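Look below for two forms of one protein chain, each set out as structure tokens: first structure 1, then structure 2.
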Structure 1
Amino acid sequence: MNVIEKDAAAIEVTTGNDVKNVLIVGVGGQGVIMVSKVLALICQDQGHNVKQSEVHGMAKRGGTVFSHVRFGEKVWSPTIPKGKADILLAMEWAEGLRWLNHLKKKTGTLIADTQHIVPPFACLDRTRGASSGYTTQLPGDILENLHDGYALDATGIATEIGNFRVSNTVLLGTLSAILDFPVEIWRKVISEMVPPATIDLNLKAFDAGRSWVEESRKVGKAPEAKPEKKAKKQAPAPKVDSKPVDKDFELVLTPEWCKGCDICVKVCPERCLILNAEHKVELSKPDACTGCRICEWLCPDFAIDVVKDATKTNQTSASA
């Protein structure tokens, strides 16, 4: 029994089974903290003992953010150990998968937005058509192996309502259908939390998220019908990353015009240009060149040209 398991066992002993664990994960800027605050306030209002803890700040906008909310008769530790979350609310698909091991294996519920936010680190290879490294696992495959799961295109729903930023409230609506709290208190707390100008929009989003669950439950009353219900409401399957395509451009150098000022060497993001022994520009790593044109723009001597091959461009666009 390792340390984490021991801790988990200890928590179980001290808290009993009456503590509910909700783990909220997402990408910085999506409103993870807002969702967890709303949930914590509602739990408090309902007379529960609540502990909420989060990691934010270091993530900045675009990084990973998570928040633990634990509520029950008496909560001791503020964090949820691995495999002990009753509900995992993921605002981004890959973040949901990353935290999946925190979910209770037999009774856990996953609520996930199927939208993709590809982090900058996944795009290290800037070659045209290169794989982004984003997960290729589809919602259908994941939900099949879970006790209960809901994958919805919350961002799409929010965009339809009027602003993609309220996707977190859509997910709150979904969460409200699973947790056993009265609707009025959800609506009241959301109205208090969001900026006054957006109250109507947020309540609309909340209703949309809540009715989405009710509708999907109506469709799938029988447990065996579950996969269909999910398949019906799932977002369209994400595009599978294609293999790197042939380069549709060529870097044409004119060494006779080059004066060796070093600008192209220093500004190239791929570091694929060098000055040779004669102090003239040379392409040292042809495969690394992405044709971004920065060297072309900043060469004061017009010694670098990025020439697009129109035939190849047409081919790739036709095949895509």
Structure 2
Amino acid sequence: MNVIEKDAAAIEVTTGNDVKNVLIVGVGGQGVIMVSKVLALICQDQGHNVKQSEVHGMAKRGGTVFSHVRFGEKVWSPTIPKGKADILLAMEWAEGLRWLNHLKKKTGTLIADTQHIVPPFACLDRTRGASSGYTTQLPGDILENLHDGYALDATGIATEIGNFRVSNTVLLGTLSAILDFPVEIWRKVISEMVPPATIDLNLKAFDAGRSWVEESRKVGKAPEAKPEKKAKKQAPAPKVDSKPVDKDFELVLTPEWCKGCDICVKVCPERCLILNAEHKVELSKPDACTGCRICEWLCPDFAIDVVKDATKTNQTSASA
């Protein structure tokens, strides 16, 4: 937060202005911006001064997307200071954990979809049997340390309704049960924001999210998830034999087709390809190759093939 934003935050405190802060986070393609715009329009309709800011430059690549929505009698700064979010709405589990330090410790509320979208950098260890670097923290362990929180399988609920893409509207329904705005205005704004052909589906998703919270309040806790959808602790990675593995594939190089563009050498995750003195591709570390096929997919001259050995594959399947 820069000097101007700090001064603006100070003005809000000294004037006693009760500003509500909602931080919405997720991954590109989940509809973070749609959720924030719906909320901003509802706040405006209810007579609040609203500030909204967002960052979504990596949205098309599946990167982090977040949006700040602040509303009240008078809002000066568009961004939420760390530790000042009244509500953190996370559309992906790890993103929710990443932004927890922005939530108010004593009064903040977390709303999170338990969906896991594992980013590529969580799989840096590509050896067989290696574990993912994705977080192993469970919803129960997080919620018990918060003032208030709701962790639900919004994506699963949306899938049962008819389309997993309306999971963002399921979370809007959950949010509507936390904020004191009329249900009618939520349904009206959602109907105006979504494609006409999906209005009924989105309204069903909204009702499902709202009902989920109402049901959890009746029983005094969140409804139990179905057994197959409960988050499970990640099992420790099995020991990987350091000896060369009897692979069921072969990397086939065709030097005559290779033009020495160097693409395969640069993209190889295991750094097992080189260009020789004749500027032709060579496999320098056969034991390191995992058969990931990235080089095969990206070679513009079709000079690389990953060929599966059917005999070894069948033998492996038979022994499993």
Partner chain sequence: MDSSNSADSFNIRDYLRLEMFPHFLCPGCGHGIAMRALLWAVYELDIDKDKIAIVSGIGCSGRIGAYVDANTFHTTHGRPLAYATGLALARPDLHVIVITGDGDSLAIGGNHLIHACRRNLNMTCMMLNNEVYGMTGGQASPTTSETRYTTTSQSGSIEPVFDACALASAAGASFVGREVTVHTPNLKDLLRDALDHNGFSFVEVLSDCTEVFGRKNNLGESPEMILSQKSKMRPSSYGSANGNIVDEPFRPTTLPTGILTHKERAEYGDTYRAHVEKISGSVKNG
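Structure 1's sequence is the ruler for residue numbers, which start at 1. Every value quoted in this text rests on a predicted model; they were computed, and no experiment measured them. In this text, rigid core is short for the largest set of C-alphas that superpose within 1.5 Å between two forms.
Matching the description of the form predicted in complex with the partner chain is structure 1; structure 2 comes from elsewhere. When two forms of a protein are overlaid on their rigid core, residues whose CA moves 2 Å or more are considered shifted, and residue 260 is one of them between structures 1 and 2. The rigid-core alignment places the CA of residue 299 2 Å or more apart between structures 1 and 2. Superposed on the core, the two forms barely differ at residue 43: its CA moves less than 2 Å between structures 1 and 2.
Fit the two forms on the rigid core and the C-alpha of residue 285 turns out 3.7 Å off between structures 1 and 2. Here the rigid core is superposed, and residue 275 then shows its C-alpha moved by 8.4 angstrom between structures 1 and 2.
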